[in-house]
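Taken one at a time, structure 1 and structure 2 that follow are two forms of one protein chain, written as structure tokens.
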Structure 1
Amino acid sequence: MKKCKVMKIFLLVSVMLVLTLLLSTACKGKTSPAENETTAAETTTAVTEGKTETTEEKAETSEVKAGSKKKVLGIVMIDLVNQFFVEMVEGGNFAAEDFGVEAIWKSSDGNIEKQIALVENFIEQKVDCILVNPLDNDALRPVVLKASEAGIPTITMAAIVDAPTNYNTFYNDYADTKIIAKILANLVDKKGKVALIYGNKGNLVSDLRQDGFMDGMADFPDIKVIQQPSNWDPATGLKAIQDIMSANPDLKGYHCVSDAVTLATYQAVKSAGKTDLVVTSYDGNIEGSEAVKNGEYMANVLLGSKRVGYWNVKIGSQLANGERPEEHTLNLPTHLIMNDDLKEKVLEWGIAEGASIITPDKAIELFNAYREELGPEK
């Protein structure tokens, strides 16, 4: 009796599936001749490249082409939840406005396969430039080459992918964090326990900053580094530092890879009355710079998430308009933030060669002035 019922449901589902399949192919058959006429040129390119595009995708392509004369940038982000990426979008949209392009933002949700698919979609839509925050450089290379074959310039943000029409943009995450690590080490007299609160393993930005920190600390054998992830979540970061502080009462300082998380962790530091800890941070948010100014943190790095978004979209719009810079690796100028007395010491220690050091006030000014700093000349 029960078996019979299950069979019936199974049959019903399969019949429905077959019907849907038949219907969808029938619909395609009807519309495709008309589509083929309007997008004849595109069909030939598709054939020569040996692709099998569906009609819906082609319709989308013609829409993108016909709908706007503006150049279109397709941007594939790691995700759109993290504060840093959210602010990148904000800055990027200002750049799109200033440079007269249209920016389409997509989230990979931290998944490399989704990321590849999104880049492929942009190639098929024939956007004018593709920007991508790679989750995995090697895995992304084939699809970057594919874009290159299709004549679409690409930008891999904060990563190196070797392809003829690809540009790599860098923000000095690794180098700056390495200097920060050395500053922290010197401030704790080159011995004892320090902690690192990173983002999460496998996340490109987190990995770069973590590697920078550990390589900076490698010069100081008497320092023991305790590492904990925050998953970029302030509450998780706060719990991590609370536990580290209680498990290691002799902790002398810590570095945290993102201002949003550092800010939360500092609530725990204040609450536990351990304000003598040496704290360093990264990102250079307004709050982060203010904390340096009033002595809560010793140092910070002005990367400026909005600046990063603005700068990348600016370069994207230049590529979309046919400009081709000779140098394929481009660096966004970043600045170390610290008060003047520490700056003197850092110069004395000779650990910040080539880096720009600015005061917190200057950092706060630059944080929101990126449109003037990097924008088109008026």
Structure 2
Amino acid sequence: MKKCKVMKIFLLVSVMLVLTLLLSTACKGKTSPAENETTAAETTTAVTEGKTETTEEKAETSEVKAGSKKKVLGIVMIDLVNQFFVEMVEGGNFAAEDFGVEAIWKSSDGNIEKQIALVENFIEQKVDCILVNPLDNDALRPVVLKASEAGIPTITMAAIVDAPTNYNTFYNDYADTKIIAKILANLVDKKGKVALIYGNKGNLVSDLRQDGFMDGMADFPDIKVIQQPSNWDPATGLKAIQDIMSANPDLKGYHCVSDAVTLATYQAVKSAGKTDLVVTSYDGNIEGSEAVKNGEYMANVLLGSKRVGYWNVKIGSQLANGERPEEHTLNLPTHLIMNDDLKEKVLEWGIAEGASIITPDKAIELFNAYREELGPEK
């Protein structure tokens, strides 16, 4: 009996030891969230288990690394699906590398409540600077003030939010589009019908470009401007120009506030055989600059999505490191794009005083040379 009892105890102890070993092995196979997190610098290139992850998927996994020696920027975008925003991330990550900071990108998915919550989360994480592309300036102001009270500088990209430590970054939208309007007016002999296809009411970038265009056209009373929104959507813009051309067969030209929309509208123009229309655009994407070079568009403005991302992260890194510009509204340098023959006329007309005018070839070069143009040595 004793022998049998000893054997039972021995077997019980053995089973417990095996279970302990198995549990220990399983725990070692797990990694902590910190070990699994991905930095923003990897957002555009990382591949996991044979599947390339999207910018949005990668950006959403990033969190502030415990004990990181780098200054950390928390960046809240409207979304991470729109191609312009995707390219902003690409340019911004290069700036983070060049200026020695960590950039963490988050998507608001077009939802203001989520945007506010993401900013609050960055405040709780005590990042060194917060950048946000506001969906609603007024709704965002309280949380921007909260960041200011916490001693965290902020940047509202393409927006104005009044707070002690907030900086507003802009792109000369109003002034550039006012010049573009005057160029278009002169090219249609200062009379007739032209169209403006804007983004949407309430979006500050669209409003500034729309206001600049209309104020530029105010000097030409014999020109009638027909306006239609595109909601920044190429398909909506294409439908808008089709409707405008159908209702106004005597249309002489039009301006679009975004290259992505202009490229789509021009397909409708070609299909309708209206290639004599004077077309101008904004953004200076490579395709847009090539359209100026080959004569499809008469003029464009170089903004550049990657330049925008790079420049904003550059400013964010400076704020994170304690620099405080005197001006709270900062402007990214932009360039008017046109061929030399039009540049000569524009200078004669005297409507682009102080503006930088470059050729399409130079614009294409600068579109991807933002590191050289805006880098640490500049």
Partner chain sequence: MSAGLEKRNNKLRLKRQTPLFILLFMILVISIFNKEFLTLQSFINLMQQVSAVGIVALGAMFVLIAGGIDLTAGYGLAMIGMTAATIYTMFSEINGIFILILITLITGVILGLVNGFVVAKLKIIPFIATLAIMSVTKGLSLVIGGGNMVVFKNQQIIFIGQGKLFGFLPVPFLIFILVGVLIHLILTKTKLGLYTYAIGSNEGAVRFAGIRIVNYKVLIYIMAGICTGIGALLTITKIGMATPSMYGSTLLDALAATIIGGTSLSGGRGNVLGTIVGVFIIVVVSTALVYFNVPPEMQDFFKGMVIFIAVGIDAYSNKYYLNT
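Residue indices: 1-based, along structure 1. Small disclaimer: the values here were computed from a predicted structure and weren't measured. Just so we're on the same page, rigid core means the largest C-alpha set that superposes within 1.5 Å between forms.
Of structures 1 and 2, the one that is the form predicted on its own: Pick structure 2 here.
Residue 82 C-alpha moves between structures 1 and 2 by 2 Å or more, core aligned: Yes, shifts by 2 Å or more.
Is_shifted residue 285 between structures 1 and 2 (CA, 2 Å cut-off, rigid core): Result for residue 285: no, shift under 2 Å.
Cα displacement of residue 330 between structures 1 and 2 reaching 2 Å, rigid core superposed: Yes, the C-alpha position differs by at least 2 Å between structures 1 and 2.
Cα displacement of residue 125 between structures 1 and 2, core-superposed (Å): Rounded to one decimal, the shift is 2.9 Å.
Rigid-core-superposed Cα shift at residue 161 between structures 1 and 2, Å: On core superposition, this C-alpha lies 4.2 Å from its counterpart.
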